[in-house]
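Listed next as structure tokens is one chain, alone, in the form predicted alone.
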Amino acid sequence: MEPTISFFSGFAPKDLLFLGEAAVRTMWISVLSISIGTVLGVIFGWILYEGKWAAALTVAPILDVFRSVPLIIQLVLFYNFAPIIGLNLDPFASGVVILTIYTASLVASVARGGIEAVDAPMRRAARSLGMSYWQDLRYVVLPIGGRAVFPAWVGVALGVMKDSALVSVLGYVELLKASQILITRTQEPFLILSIAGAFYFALSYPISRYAASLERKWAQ
């Protein structure tokens, strides 16, 4: 007979392993989406900054749609309509696509704010020293602007990690979906949700602490 945790007759050690595997899947879909979305978001942020009115008429409205429409609606619509255009994606791939675009739409505003945080005189000074436009971006804008908006980016990353729970509506067994499965079987919602919350904390807390240590280091 499968051993069970004391006082919780429906919860077995294998269930804890099941939640641990789901936490890994949560981390995996989050890391992929945040990484790719951040790169795309920086590019979109640069376009918004340099494109002025042209970007305001083209890129900005599209990003506003992904920022404004609830993420769960985006996930369901994309997953159900993707096959119509020939994209037969599983729940994981669909979740990565939408979370990536969603992350990019949020990071775009952060990135544009970072570029705007660098004073124009400082950029002109860099150009007067013989730096090219791209050298100015790499050696002046990126270090200064990146530090200015780093806390905002960390907030976006942590938010997307928690929002990844919504991919469960597509059938992807991440941490929330795994919790729902176990609750249905064991009827122990308090225990299971507490453990799931502990896993989310374990995923998020190191990121926030590392970010705080970097900010303190940069402030010195």
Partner chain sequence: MIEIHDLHKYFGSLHVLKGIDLNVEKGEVLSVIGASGSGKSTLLYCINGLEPVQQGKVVVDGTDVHAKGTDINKLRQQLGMVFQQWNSFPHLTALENVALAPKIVKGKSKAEAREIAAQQLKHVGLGDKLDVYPSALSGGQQQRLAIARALAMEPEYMLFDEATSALDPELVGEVLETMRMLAEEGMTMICVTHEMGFARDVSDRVAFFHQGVMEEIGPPEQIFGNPQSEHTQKFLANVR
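Positions refer to the first chain, counted from 1. What you see is a predicted model, and the numbers here were worked out from it, not measured in a lab.
Keep in mind that the form predicted together with its partner chain is not shown, yet the notes after this line are about it.
Relative to its partner chain in the model of the complex, residues Ser132, Ile144 and Arg147 are all within 4.5 Å by at least one heavy atom. Heavy atoms of Pro121 reach within 4.5 Å of its partner chain in the model of the complex, making it an interface residue. A residue is said to contact a partner when one of its heavy atoms sits within 4.5 Å of a partner heavy atom; Val140 meets this definition for its partner chain in the model of the complex. Shown alone here, Ala126 lies within 4.5 Å of its partner chain in the model of the complex, counting heavy atoms only.
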